[in-house]
Structure formats: structure tokens, C-alpha cells
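This document starts with one chain, in the form predicted on its own, laid out as C-alpha cells.
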Amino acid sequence: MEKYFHSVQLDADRCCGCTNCLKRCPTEAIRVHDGKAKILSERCIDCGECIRICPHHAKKANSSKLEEIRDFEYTVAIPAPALFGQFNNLDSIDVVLTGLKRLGFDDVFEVSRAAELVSEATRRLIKENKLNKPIISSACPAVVRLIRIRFPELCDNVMPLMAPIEVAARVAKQEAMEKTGLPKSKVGVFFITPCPAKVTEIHSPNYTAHSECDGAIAVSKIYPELTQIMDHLTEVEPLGQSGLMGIGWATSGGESAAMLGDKYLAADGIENVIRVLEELEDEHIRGVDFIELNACSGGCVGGVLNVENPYVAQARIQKLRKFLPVSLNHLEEGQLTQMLWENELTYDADIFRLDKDISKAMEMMSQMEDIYKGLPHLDCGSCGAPTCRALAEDIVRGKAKETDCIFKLRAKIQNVYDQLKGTI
């Protein structure tokens, strides 16, 4: 069994070894050797940037199929609020929710409902003043995994609350069990996901041993059929139970706005997220209580498994929120405690450890620095590694050689040529 589960997969037949993906990967999880890209499983955070940037469609995200809901006697769809921004001329989320029921689900439970609960829980925890500030949102699983890999010193700053997906899955499953009398094993809860990181989070959660979500279906997979159903609805059920606060989580800044304060910061897009985390690590960011970070540009509406332009979807979300109440969901007694993480967020030291033997690892580190000094420091990617330092590490690990660098290879060829010329 693989130690790391990943939604993002490589289609080697489509890959042309163009190096576009390795230059954009935020954790240097991609190498290109023998004309094909390779994803380093231990470093991938499933942000989907490689899917977004690949011109040959060689990267894809695996997700559940709609047919899998037939494995359960009773199924509940938990749509991400980003789903509501995918449809034109939508004046009520009830149309989408009714469409999901006609698609084959027995019931729906908006993730935006759970988002309102998480927002209230966050406000309470901030008010208690017991957490390390600034507090970093734990809602984006790609960001949480990025922190675990590249910014381990910030693990203690991550909000120890389950993401709205997990809260929605747990509440929805409990309500379904009470409503039907069925055991948990016969109730299926499926998330309608805008991004691959959330698929991975369901199969390999950061904060709990097991997710109550039974699968994640990509928005792009169900969009055509759902759109057709919505276009032919003759009756719309009043199913929506979310306010503008929960729906707002679909876009960057929506979660921060729900804090009802002004000491917050919101950033979206993986490069901007990394810049904020670097400044936070260097203690350059002060006077902020809460930081919302979204790996996708525009927030969840920018997920690679959506179908609509993120900025168009963002405008549609703002229109939908206009006439909604502020919030329709509030914490019940004891619910906050149930939403806290079951596992502590920790740094996986094995990812970058050169060797289990400390003395040997130090020796390899010294070799790596010597090799790096001899490289051109251009970070061109022609060698198949994203940076010269990454190439030096690969050489020390025995996964590459110095002549993979075209400048080193050219110098070696020139040297051989000069020697041969002198013998003629």
C-alpha cells in the first residue's frame, strides 16, 4: 500500500517532457528524466498547478464516479459553494440543489452550511486568545500540506479545526442516519469537489484517521448532466439553508469576512500564498489575527476541476449572496469540541532526510553544497530538476548525474575536444 495517496496522476503517454510543470510546482515535486515527467509522491500536495499549466493534458485528477453512489442505500451530496458559481443566470441555489437530487442523490447538505459553523467556531477560538497568532486557516488542504512540507515552523499557527467538508460530511451522515434508521455503512456522503487537493484530503486526512466523506466527484464530471437536468426542472424544492457568510467561502476573502473583524489577511494563488508564508516565517507580518490562504487563484472558484472562469464564477457568487441572510447556521452545545482536530499537525521529516544515519546525512549535505557551488545557478530546468540546488540533491541521492546539467555537459565535451585536438 502506498504511503501517500494522491489525486493528481501523470499520463506518461501524453507527456512530452516540456518542463513547464516542474517550474510551477510549489514543492519541487516533479522531475523530468528520459523525456517524461515524474511526480515525487512524498512531496506532492495535489494543488493542481501541474494540471493547470500542462499544455499536453498529461496531468489529471482522479475522483469518484457518479455510479459509486449506487453502492449505498441512501446518499447525500455535499456540494462546495464554488459549484453555485458555475451556472449562468442562477437566481437561487435551490435550483442546483434540486438538480443534484434529480441526478440520483437522496438528499443534499451544503458545505456552506458547515462553513458557517466553522466560521463561528473560529471566532470563538480567536476570542479565547489561546492560539498562536496569526492563525492560519486550515480550510485549504493544499495549503496545509504545503506548510507541512515547506514551512514546518508554522504548523503550530494552523487553526486546529476540521475543514467545512469534513464537518458537513459528519453532520450530513448523522442526520441521514437519524432520518432513515440506516447504519452508517449504508449511508454514502459524496463531496462535489472543485479541486484535487480535497479529493486527497478525503482519502488521506491531515487531522483525523478517517474521513466520514465516502467520495469526491469532480464538478467537471457532473456539470454537463446536472446542467441539462436544471434546464428542464418543472419544480424547485426549497432546500437551501445557507446564508451569505457560508456561500462567500467560495471566493478568496469570504472566510476572512466571516471573522467579522478587520485584523485579517487573505491571499490566493499558490505563488502569493508562498510569499505570505515566507514573510510570516520571517516574522515580517504583524498586527494580523487571522490569515486566509487559498492555493487556487480567486479561491475555490479557481479550482482546476471547475468548468467556469474563476472571475466569472466569483461575480456570480457575489450576485447570489446579495439577497441572502447573513448566516442560517449556528453551533450547538459541544459541537465546537467535536470539530477540533483529532491529530496534531506535524512535519514529515522523512521527505527531505538525506539518510537515516545523521553522520552520513551531514556528509551528503556537504557533498550537495560542493556540487551546488559548481553548478551555474541559472535554475533553467533543462536538467530535469526545477533548480540547481534540486539537481545537486538528486545527484547526492544517486538519482541524477552532473552531466545532466547542459552547461556541465558542454564543458566536458569541450574538454574532451581540446584533448583530442592536441593529439592530432
Partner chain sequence: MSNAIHLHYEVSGEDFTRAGEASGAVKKRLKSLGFNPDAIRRTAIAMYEAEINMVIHADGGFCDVDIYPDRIEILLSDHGPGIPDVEKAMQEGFSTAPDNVRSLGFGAGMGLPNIKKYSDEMRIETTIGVGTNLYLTIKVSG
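Residue numbers count along the first chain shown, from 1. Heads up, when I say rigid core I mean the largest set of C-alphas that superpose within 1.5 Å between the two forms. Bear in mind that the values here come from a model prediction, so they are computed numbers and not experimental data.
What comes next is about the form predicted in complex with its partner chain, which does not appear here.
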{"property": "Distance check, Gly261 to its partner chain in the predicted complex, heavy atom within 4.5 Å", "result": "no"}
{"property": "In the predicted complex, Met362 touching its partner chain (heavy atom, 4.5 Å)", "result": "yes"}
{"property": "Touches its partner chain in the predicted complex: Ser366 (any heavy atom, 4.5 Å)", "result": "yes"}
{"property": "Contact of His284 with its partner chain in the predicted complex (heavy atom, 4.5 Å)", "result": "yes"}
{"property": "Listed residue (Asp71, Glu344, Glu153, Glu332) with a non-hydrogen atom within 4.5 angstroms of its partner chain in the predicted complex", "result": "Glu153"}
{"property": "Selected contact from Ala315, Leu354, Leu336, Met177, since only one has a non-hydrogen atom within 4.5 angstroms of its partner chain in the predicted complex", "result": "Leu354"}
{"property": "Partner-facing stretch of 304 to 312, 319 to 327, 118 to 126, 284 to 292, counted where any non-hydrogen atom is within 4.5 angstroms of its partner chain in the predicted complex", "result": "284 to 292"}
{"property": "Contact at Glu278, Ile358 and Arg389 by its partner chain in the predicted complex, all three, heavy atom at most 4.5 Å", "result": "yes"}
{"property": "Large Cα shift (2 Å or above) at Ile53 between this form and the one not shown, core-fitted", "result": "no"}
{"property": "Did Glu68 shift 2 Å or more between this form and the one not shown, C-alpha, core superposed", "result": "no"}
{"property": "Rigid core superposition, Asp379 Cα moves 2 angstroms or more between this form and the one not shown", "result": "yes"}
